[in-house]
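A single chain, nothing else alongside it, follows as structure tokens in the form predicted on its own.
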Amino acid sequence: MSANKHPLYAARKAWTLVPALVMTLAACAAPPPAAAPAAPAAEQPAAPAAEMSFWAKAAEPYKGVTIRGISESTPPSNYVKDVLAPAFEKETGIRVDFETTSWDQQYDKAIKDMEAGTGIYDFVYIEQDIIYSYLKNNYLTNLTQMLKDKPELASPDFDISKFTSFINYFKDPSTGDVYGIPMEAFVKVYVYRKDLFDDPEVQKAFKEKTGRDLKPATTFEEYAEIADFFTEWGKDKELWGTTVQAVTGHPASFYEFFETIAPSFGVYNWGISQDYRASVDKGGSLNGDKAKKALEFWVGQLKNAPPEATKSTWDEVAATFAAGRAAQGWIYGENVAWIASDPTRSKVVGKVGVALPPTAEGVIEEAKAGKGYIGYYDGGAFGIPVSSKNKEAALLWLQYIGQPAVQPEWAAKSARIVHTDTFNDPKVAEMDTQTNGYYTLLREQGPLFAGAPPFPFHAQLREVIAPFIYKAITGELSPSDALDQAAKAADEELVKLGYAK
């Protein structure tokens, strides 16, 4: 963090140079006057005192305190751990002990701590899709109220209005009060190998095989055709036609289907109706024709995916694309920046293109009309558990990472943007060029994407449905049978939980 953005001191001094205008020969020849005796130390004029920064002043009562937090080990979280936490400690004297771990571990540890009220963690990562469950269980501190109650801790550089609309996901729908400070937000985009798509020889071979020009897919028919082509073309090059996030026994495959593939076929909110029903015969769409077509397409692309696909979460899919093993795929935006720019981790630097994901007919129109969405607007925030023993120090920390000054470099390093002004920063503009327009797509097309539905039963329903998706991946069930059984199980669970009759 640069000193000009986060000064520890703000003392300024104006200097005036008064040159001699005339010097006579006589004056030059005259002996120098005797030096005046030095004034006693006590009579010396005092230097102006350096002004203490807000962070240093507000943190004085909490110096030496250690706040503990937990998050998934992702590019945005690792930037927090490696860059922002040390800078905050230097400015405030408050130590940040930040654990970055696997997705399932960070959830398990945070939820167990909040359930038991043990106060191990002073801030936790809140993924957008779980916030409604946390609010229902009263796990989180009302940050809006706390800032009102503790005005001395309210930073002048922290402004809720500076955030993108993504912050709305972390508000209580009934009051508008904020319970989490966004630290990452990104969309899951269609990523393709621009170098291959622009190669004249590849273009010629594709045209000869398909009769059409090679360009990023806008329909699923085009996507499948491109995947088939590159799998055949790359069979002796360790190159496959697509990624598929199809790990079995892990929710990553559930999320790829329900938050990426299904919406782009026109199946929204997991196929759950407004009165919380899943089956078509009860008013839901989880086992409707669109959902079955979507699952059949997605599972069908396993033949065009590298062998690691059925063991791939979001991390392994990103690694697969970065290794140059897939010609196209669906990649979470948080990984786009390093894949496109970091030669120590990626073999496809300078070769990455981004575009909107392919969609079925009418889906984009429904998204523009606010009646649907084309894919997942992902992200998360940090919140303070009610059980935290260091809420005041944690509140300073959350404001620190939410101030505008820290956003640009963070955004450039990990493709996440939570402040509207960040889009205009030169660092982000440079990275936008390296990613062939990812940040422009996020800014202009972001409203076409959406976060997870506001289900307080998110985790429970996911665990009921996911096993049927795993069975479709392994071939134990056909896509049609898998969704029929998933819908039946989902309806039973919703009744059991008291959300449906």
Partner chain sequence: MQSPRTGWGLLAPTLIILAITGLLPFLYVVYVGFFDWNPFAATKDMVFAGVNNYRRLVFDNDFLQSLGRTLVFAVCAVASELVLGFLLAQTLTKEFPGKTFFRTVFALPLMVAPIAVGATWRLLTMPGLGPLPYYLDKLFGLNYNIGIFSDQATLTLVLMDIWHWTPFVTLVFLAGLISLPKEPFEQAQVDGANRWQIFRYLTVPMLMPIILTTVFIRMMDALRIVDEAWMLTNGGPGTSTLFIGIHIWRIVFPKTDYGYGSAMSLLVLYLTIVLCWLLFVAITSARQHEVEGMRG
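Predicted model, so just to flag it, every value in this text is computed and none were measured. Numbering follows the first chain given and starts at 1.
The same protein also exists as the form predicted in complex with the partner chain; that form is not shown, yet it is the one meant from here on.
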| item | value |
| --- | --- |
| Proximity of Lys282 to the partner chain in the predicted bound form, heavy atoms at 4.5 Å | no |
| Contact test in the predicted bound form: His250 vs the partner chain, heavy atoms, 4.5 Å | yes |
| Contact of Lys136 with the partner chain in the predicted bound form (heavy atom, 4.5 Å) | yes |
| 4.5 Å heavy atom contact, Phe54 to the partner chain in the predicted bound form | no |
| Output flag, Gln105, Glu308 and Gln460 jointly within 4.5 Å of the partner chain in the predicted bound form, heavy atom basis | yes |
| Heavy atom contact within 4.5 Å of the partner chain in the predicted bound form, the stretch among 461-469, 445-453, 57-65, 432-440 | 461-469 |
| Candidate from Glu316, Glu409, Asp157, Glu225 lying within 4.5 Å of the partner chain in the predicted bound form - any heavy atom | Glu316 |
| One residue of Asp289, Asp172, Asp198, Glu115 in contact with the partner chain, assessed in the predicted bound form (non-hydrogen atom, 4.5 angstroms) | Glu115 |
| Heavy atom contacts to the partner chain in the predicted bound form at 4.5 Å, residues of 486-501 in sequence order | Glu493, Lys496, Leu497, Gly498, Tyr499 |
